[in-house]
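Below, in structure tokens: the form predicted on its own, a single chain.
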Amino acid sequence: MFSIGELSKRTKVKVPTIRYYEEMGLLAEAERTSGNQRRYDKDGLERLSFIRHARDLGFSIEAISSLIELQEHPDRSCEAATDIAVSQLADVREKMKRLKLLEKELTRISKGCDGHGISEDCYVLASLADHELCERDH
């Protein structure tokens, strides 16, 4: 059995986040000691590790809930899990596309100023103040 602090250390998930996952139903409610301290078993540790890994991959709480539901029913098709993963991949690719555009714009505006003048003439500050100076919407 693991205390919430030990579970936190092992999974690198903060204690308030563990409580939140429990409240959201992603993590089973922990057993309590006579002193009302939470105690988690190996299944709780494994579930929290699963949640942590899924969060690291950017899955939403809703998607994780659906994945857990599938995991709890091993007789079901994994098609829904694959669909959730494919959707997450599409979201990541879209974010990467937006980040590439931001990188390009930030590179452009940072090159517009040598950093040696005064702030009144700073192209970076001017670009942030006037969106019209940007090459594209972002």
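This one's a predicted model, so the numbers in the text were calculated from it and none came from an experiment. Don't overthink the numbering: it's just position in the shown sequence, from 1.
Just so it is clear, the following notes concern the form predicted together with the DNA, a form of the same protein that is not shown.
S.K.: Against the DNA in the predicted bound form, would residue 49 count as a contact residue? Criterion: heavy atoms within 4.5 Å.
M.R.: Looking in the predicted bound form, residue contacts with the DNA do not include residue 49, since no heavy atom lies within 4.5 Å.
S.K.: Would residue 104 count as touching the DNA in the predicted bound form under a 4.5 Å heavy atom rule?
M.R.: Although the DNA is absent here, residue 104 would stay clear of it in the predicted bound form, with no heavy atoms inside 4.5 Å.
S.K.: Closest heavy atom of residue 33 to the DNA in the predicted bound form, within 4.5 Å or not?
M.R.: Because a heavy atom of residue 33 falls inside 4.5 Å of the DNA in the predicted bound form, the answer is yes.
S.K.: Using 4.5 Å between non-hydrogen atoms, is residue 61 touching the DNA in the predicted bound form?
M.R.: Residue 61: yes, in contact with the DNA in the predicted bound form.
S.K.: Counting only non-hydrogen atoms, choose the one of 65 to 73, 37 to 45, 83 to 91, 96 to 104 that falls within 4.5 Å of the DNA in the predicted bound form.
M.R.: Going by heavy atoms within 4.5 Å, the stretch is 37 to 45.
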